[in-house]
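The chain below stands alone, shown as structure tokens; this is the form predicted on its own.
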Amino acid sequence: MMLRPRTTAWSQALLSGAFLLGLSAGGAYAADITITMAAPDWPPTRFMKEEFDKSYKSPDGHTTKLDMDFIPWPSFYERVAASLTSGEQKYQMIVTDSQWLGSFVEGGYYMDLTELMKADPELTAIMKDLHPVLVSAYSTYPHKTRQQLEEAGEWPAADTHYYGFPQFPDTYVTYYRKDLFCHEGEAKAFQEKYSRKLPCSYEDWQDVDWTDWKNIGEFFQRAKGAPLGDGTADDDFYGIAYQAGKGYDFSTMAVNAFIWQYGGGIWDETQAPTGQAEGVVNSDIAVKAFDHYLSMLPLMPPVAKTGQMDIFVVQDLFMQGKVAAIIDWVGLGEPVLDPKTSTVSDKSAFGPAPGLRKEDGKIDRTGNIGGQPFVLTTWNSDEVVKEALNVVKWWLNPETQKKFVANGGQSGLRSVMADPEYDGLRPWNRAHKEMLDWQRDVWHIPEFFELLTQQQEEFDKAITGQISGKEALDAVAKFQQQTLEDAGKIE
């Protein structure tokens, strides 16, 4: 069954005075409401459920239950897509990757919230407080870049439709072993070998570029039994690790950073239908950037060359004490600090991710935004829509957001990030705040999954040494050009 979005007339009815007065009256119209939400099974969504059960009070007097359907990450997209396309109408809200917006908006499953946001002062205030990169990535479809939204000069931007709110904004940062990077002997040896300071403090990591990252990878490669810090390596030890996984988007998220930092590009959906894939995706500068990414894989644990280096493997290698520094998502930080799950819980510190140093000496850290928005579905009753938006307001209230941050989550509200307490709530917060300004996003169009799956396949062939970086990007560009032409996205 193909579902279509609500009509403008319906939106106007929803906002009518009789409707608002009837629900705000509380007692007479209050009802039991269950909101079923599809959510990936990991700490940021588990916390939301726990906090909701402890503290949520409906402002309209409803007895509201948030029933979260926790789905493992590897099958999350497939399970949600199967539910939506089956017509079962199981979910009232969904935690969604931003890349899914086009597919599920065009399918008629995700509700256009633009008019509701504009008419509600609380929602308007939330949207204005959100970091603009999150509004761009998590809410807009057709996609508008941060630059386009900022050029519009105000919220809401003209000719822009908004669908989502941040459930969990995520960026990748550097995790490092402070017992090694702040070790006097290691620091002296690194300085002698590379004529550069081994980064120890946060400020030191602000000056780390990809050349430094490569040097760190070389320097900390140690055979089992070799001296390491104040002891010896219990097993073969490595200096660096980052994403190189075949599954979902695990290599794409890292490769895009190199391409953007070099000044290259991926196919730009905001330039459809004139923007091309061939000649852009496989440009000389993109090939150079991808080769740079590939060049450091030999400095990582051997799993990096197998296509299995996903975000969880990277995290696990660090927690097992097998690597000195990694680049990974903030959302995976909490288990690293837990002595029950991590052997380096008392040795871990965090800084911004490395980047490419430009001719002026500044470092470009452009990367691909992570995290997820949450959305409403189109088949909900007026009563459920209003209560779901009450849940949004509760979740994006600064006090709720501070609790979330203090428990390993993150906030996209600029007012929360500007709070003097914010940097001290978790040890990666300062880095997250700095990295957020550098973020962009990959495609949001309905064809994204087809594009992504083929790209991951080709990237994996290059990562595992089957083909060159140029061959991989040539294949990606050819496939994207044909797919997007067939879809009418490229003339």
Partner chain sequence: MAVVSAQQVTGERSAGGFWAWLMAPERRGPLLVTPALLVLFVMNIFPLLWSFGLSFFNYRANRQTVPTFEGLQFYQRVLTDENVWERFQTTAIIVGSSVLVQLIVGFLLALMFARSFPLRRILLMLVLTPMMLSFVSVGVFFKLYYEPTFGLVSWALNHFMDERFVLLATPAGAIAGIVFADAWMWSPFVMLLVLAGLVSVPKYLYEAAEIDRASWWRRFSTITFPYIKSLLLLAVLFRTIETFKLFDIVYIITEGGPGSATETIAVYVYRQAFQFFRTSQSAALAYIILFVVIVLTNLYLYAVQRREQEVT
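Small disclaimer: the values here were computed from a predicted structure and weren't measured. Numbering follows the first chain given and starts at 1.
The form predicted together with its partner chain is left out here; the points below concern that form.
Colleague: Considering its partner chain in the predicted complex, which of L337, A119, A81, A157 comes within 4.5 Å of it through any heavy atom?
Modeller: The residue in contact is A81.
Colleague: Of the options Y77, W395, Y91, Y293, which one has a non-hydrogen atom that comes within 4.5 Å of its partner chain in the predicted complex?
Modeller: After the contact test, the surviving option is Y77.
Colleague: Since only the chain is shown here, I'm wondering whether D460 would be in contact with its partner chain in the predicted complex (any heavy atom pair within 4.5 Å).
Modeller: Contact check for D460: yes, within 4.5 Å of its partner chain in the predicted complex.
Colleague: Is N380 close to its partner chain in the predicted complex, meaning a heavy atom pair under 4.5 Å apart or at it?
Modeller: It does not: once its partner chain is placed as it appears in the predicted complex, N380 has no heavy atom within 4.5 Å of it.
Colleague: Indicate whether Q148 is a 4.5 Å heavy atom neighbour of its partner chain in the predicted complex.
Modeller: Contact check for Q148: no, nothing within 4.5 Å of its partner chain in the predicted complex.
Colleague: Would W329 show up as a contact with its partner chain in the predicted complex if we use heavy atoms at 4.5 Å?
Modeller: No, W329 stays farther than 4.5 Å from its partner chain in the predicted complex.
Colleague: Picking from 199-207, 119-127, 349-357, 302-310, which part of the chain touches its partner chain in the predicted complex when contact means heavy atoms within 4.5 Å?
Modeller: Among the listed stretches, the partner-contacting one is 302-310.
Colleague: Within 4.5 Å of its partner chain in the predicted complex, do D170, Q261 and H432 each have at least one heavy atom?
Modeller: Not a single residue of the candidate spot has a heavy atom within 4.5 Å of its partner chain in the predicted complex.
Colleague: So which residues in 431-458, when you check its partner chain in the predicted complex, have a heavy atom no farther than 4.5 Å from it?
Modeller: Residues within 4.5 Å: P446, E447, F449, E450, T453, E457.
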